[in-house]
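Okay, so we've got a single protein chain in two different forms coming up as structure tokens, structure 1 first and structure 2 after it.
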Structure 1
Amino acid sequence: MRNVSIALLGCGNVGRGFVELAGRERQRIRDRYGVDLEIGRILVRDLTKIRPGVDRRLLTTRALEVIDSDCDVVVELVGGVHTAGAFVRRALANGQDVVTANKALLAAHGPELFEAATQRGLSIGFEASVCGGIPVVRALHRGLAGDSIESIRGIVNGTCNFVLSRMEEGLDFEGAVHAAQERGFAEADPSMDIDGHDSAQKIRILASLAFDAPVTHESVIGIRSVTREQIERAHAGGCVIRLVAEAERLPGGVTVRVRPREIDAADIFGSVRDEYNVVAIRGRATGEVVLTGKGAGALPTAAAVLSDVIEIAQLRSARPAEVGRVGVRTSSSAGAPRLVAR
């Protein structure tokens, strides 16, 4: 049995979901994977806030008290770029593996962080950064490793899909965004989601895993301009409007597009509603492989984080014999992270 201590940075919705799952699934993980996961310290902003199911004795507002504790894995769930980046750099410098759901951090500093991890023989897990609980990162890195990927397309933003689904039911754009905020799917400022930038970050991460070529063209259009009238016209023609992100390998490089599209309601992309996501990966040999599931929400995202922690815990056990270790490297031409086996 391998004992693995976890330092948790951030205890918002996803952080609390992670604490809940880690406790609920602890015995199953011990029995099945041979690792015992224990959360040592938790960084929070406000010690007075009530967090049901979270041991208050583990909480602190001092980041270094958490990162510099005697832990094996640092889970970064604070979000943002600058502070989160400083936390991850500190953890790597300490020799700790990292798991993050922070797509913005990876988009801004992924190559640097992955290079630092590689130099120290460490791992960075980021399954939760794309599509919540859908294991699309693992599918690209492992399940489809024997095939050449030609294209990826997906509905990868649960907030936008929820908003468009509510507009189909009669709400106007502002009302639908407010409903998403009430459900915890949208931030107080939903611009990153509804303007398409969140989808663009996610499809760039997937493109970096799938292709050995740089992104040479990118266009991003969100759903802010989608009206009820457009949705009703689409419905009259048996279609729905969805925000679709696409990445395609072309002779000159990789093209990335994010845009609202009319889709046949009977198509799998048209049938995906609310916070659900769908990703279709087309391989030269396998054809189209489709993955779908909850792309937003605390527990689905927390499940992806926990999955990375379990995998890293197993890898830590194998490291002394240099067996099965996974590292990360960067492609200077693509400027984005790419996983490789070591």
Structure 2
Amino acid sequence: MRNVSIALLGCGNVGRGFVELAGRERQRIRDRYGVDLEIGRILVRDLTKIRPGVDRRLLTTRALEVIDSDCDVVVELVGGVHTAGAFVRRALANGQDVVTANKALLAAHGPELFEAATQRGLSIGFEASVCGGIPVVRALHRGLAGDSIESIRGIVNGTCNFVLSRMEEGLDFEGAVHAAQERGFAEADPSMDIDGHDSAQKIRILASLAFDAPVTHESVIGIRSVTREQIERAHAGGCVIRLVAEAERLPGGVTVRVRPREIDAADIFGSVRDEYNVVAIRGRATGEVVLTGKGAGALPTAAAVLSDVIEIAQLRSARPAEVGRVGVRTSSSAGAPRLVAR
């Protein structure tokens, strides 16, 4: 049995889900994987918040007390770019593996962070950063490693699904966005989601895992211009409108597209609503593989984080021979840096 201590940065939606799941699954993980996961310290901003199921004695507002503790893995669930980036850099400098659900951080600083991890022989697990509970990073990196991927197509943004689903029920665009904000699906400023940039970030991360080629063409159109009339017309023809993100390998590079598309309501893509996501991966030998499930939410996202922690814990047992699981190295060909799975 190998003991692995975890420093948890952030105990909000996903962090609390992680604490709950790590506790609930601890014995099963011990029995099945031979690792005993223990959360040592937990970083938060506000010590007075009520956090059911969380041992208050583990909480602190002092970041270094958590990161510089004698832990093996740092789990970053604070979100944002600047502070989270500083925390992750510190953890890597300390020689700790990192798991994060932070797509925004990877989009802004991924190549630099993966480079730092690779140089130190450390891992950064990021399964939860794309499509929450759907193991699409692992599918591309491991499950389909034996095939050449030709294209990836997905509905990867729950906010847009929610807005489009409410518009199907009669709300106009502004009303549907407001409803999404009330339900906690959309941020106060929902532009990243509804203008397609969140979907573009996700499909770019998946493309970097699937294709050993640079993105040479990208076009991103969100759902701001989708009208009730378009949705009604689609509905009359047995279709729905969904924001679809695609990445395709073409001669000379990878093309990334995000745009609203009309889809047959009976199609698996047409039945995706609210926080559900779907990703279809086409391999040259395998044909199409479709993964669908909850792309967000505390427990599904926490489950993906926990899977990364388990995998890293197992890898640590195998060191120093094997290092850097989905450690990623930087390649700056064709201008923009990209992530490349090792």
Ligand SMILES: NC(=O)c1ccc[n+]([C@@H]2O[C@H](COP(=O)([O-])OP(=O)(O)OC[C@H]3O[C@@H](n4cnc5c(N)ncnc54)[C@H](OP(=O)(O)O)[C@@H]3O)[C@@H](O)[C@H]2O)c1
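Rigid core (definition): largest C-alpha set, two forms, superposition within 1.5 Å. No experiment lies behind these values; they were computed from the predicted model shown. Residue positions are counted from 1 along structure 1's sequence.
- Note: the form predicted together with the ligand is the second of the two, structure 2.
- If you fit the rigid core between the two structures, you'll see the Cα of residue 112 move by less than 2 angstroms.
- Core-aligned CA deviation for residue 262 between the two structures: less than 2 Å.
- Taking the core as the reference frame, the CA atom of residue 187 shifts 2.4 angstrom between the two structures.
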